[in-house]
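Next up: just one chain, as structure tokens, the form predicted alone.
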């Protein structure tokens, strides 16, 4: 098994650290060799707030992954999220030199650079510039302009940027382990690579990745990424609501949410209760099932309605989602979440996980691992087109990354 065929995805989440080791096959498929994970501490809303503690958790997950995959991990692709991440769509345009017979790779790079000639906050850095569409002399629908004859090349891009120092903190956390960081990837972009197929991207789809501290989203229309973002709310907020509302410890609230909770109201029998046994200083308690479900329903409805409003604040792409909504991430396992989302978005909703993988079935069928597995799929795709990542673009400019 050649070293070049091993790819590793690392997601530093609010609730868990997840490391997935995969083998890239010659036919383009991926075999999952092992999954390591550890509880996450020192991370809040997807961002590191206690460096040393977070680093220890990352190290635990990496060791776990190495033992399960029998692979010595040397480099990783790291997922990032956080409410500091923003995005926009922009068009770049360049004139092809008159003495040049046809459009070249350099023209395509120049048009990408032109699309990024916009003002973003001084503390921010570009993370991704994702191609949407090319135009040659006004002709749309151009898939690959290289080799075509034309005087003007234009291209639309979806551009994602975030606060540079926060991204650097994540990279430094991994590099000091020490491991090489191959690239950083926006979480929902990674997840979308394995929860959607090309047909669904072409039809139009909304991916919602609900983790412990954030809800990440990405919209495909006509096969192109049109909208992305992060809401600083996730499954841990539901757990906190249960803890406060029922006056029980957070650990008990989390277990109750996962094992007994539902987003659906009105399905419990009148007066139906759940008995929490006494344990480790907890006196035990009897709670009404409908009360638990109401707490979960209210927070989940608020989150999904906030997401819908966020999507509608820009151009209304919800009218172009022929494939519907795809929900993944740990919190997507809540009973009835698809029914609630269908009510809010008024279109088909699917709970989903990584598709078309081989190896550990328990890994790719678990929506908690969608992003980490997606990082491997993303890595496989961009390895054919180096240098293309955030790190490769700034290594020459920032000594910290040298």
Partner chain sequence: MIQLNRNYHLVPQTNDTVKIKIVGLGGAGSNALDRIVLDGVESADLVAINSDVQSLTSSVANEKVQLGREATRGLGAGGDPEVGLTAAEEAIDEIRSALDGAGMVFLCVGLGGGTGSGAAPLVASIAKEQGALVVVFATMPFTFEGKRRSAQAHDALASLQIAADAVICFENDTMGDAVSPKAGIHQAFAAADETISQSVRAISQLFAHPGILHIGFDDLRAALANNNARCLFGHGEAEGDNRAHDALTRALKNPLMDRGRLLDDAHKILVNVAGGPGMTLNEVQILMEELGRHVGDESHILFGTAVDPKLGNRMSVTIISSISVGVQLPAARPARITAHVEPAPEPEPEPVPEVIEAATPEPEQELIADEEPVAPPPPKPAPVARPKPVIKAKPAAPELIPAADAKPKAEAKQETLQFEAITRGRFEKSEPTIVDGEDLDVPTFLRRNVKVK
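Numbering follows the first chain given and starts at 1. Just so we're clear, the structure is a prediction, and the values are computed from it rather than from any experiment.
This protein has a second form, the form predicted together with its partner chain, left out of what is shown; the following refers to that one.
Residues within 4.5 angstroms of its partner chain in the model of the complex, judged by any non-hydrogen atom, belong to 226 to 234 and to none of the other stretches in 226 to 234, 187 to 195, 261 to 269, 326 to 334. The closest heavy atom approach of residue 277 to its partner chain in the model of the complex falls outside 4.5 Å.
Contact between residue 45 and its partner chain in the model of the complex is found at the 4.5 Å heavy atom cutoff. Among residues of the shown chain, residue 149 is not one whose heavy atoms approach its partner chain to within 4.5 Å in the model of the complex.
Put simply, residue 154 is close to its partner chain in the model of the complex: some heavy atom of it is within 4.5 Å. Interface residue among 136, 174, 94, 253, judged by heavy atoms within 4.5 Å of its partner chain in the model of the complex: 94. Checked against its partner chain in the model of the complex, the residues 132, 202, 169, 291 give one hit for a heavy atom within 4.5 Å, which is 291. Residues of 232 to 270 placing a heavy atom within 4.5 Å of its partner chain in the model of the complex, in sequence order: 232, 233, 236, 237, 240, 241, 244, 245, 246, 247, 250.
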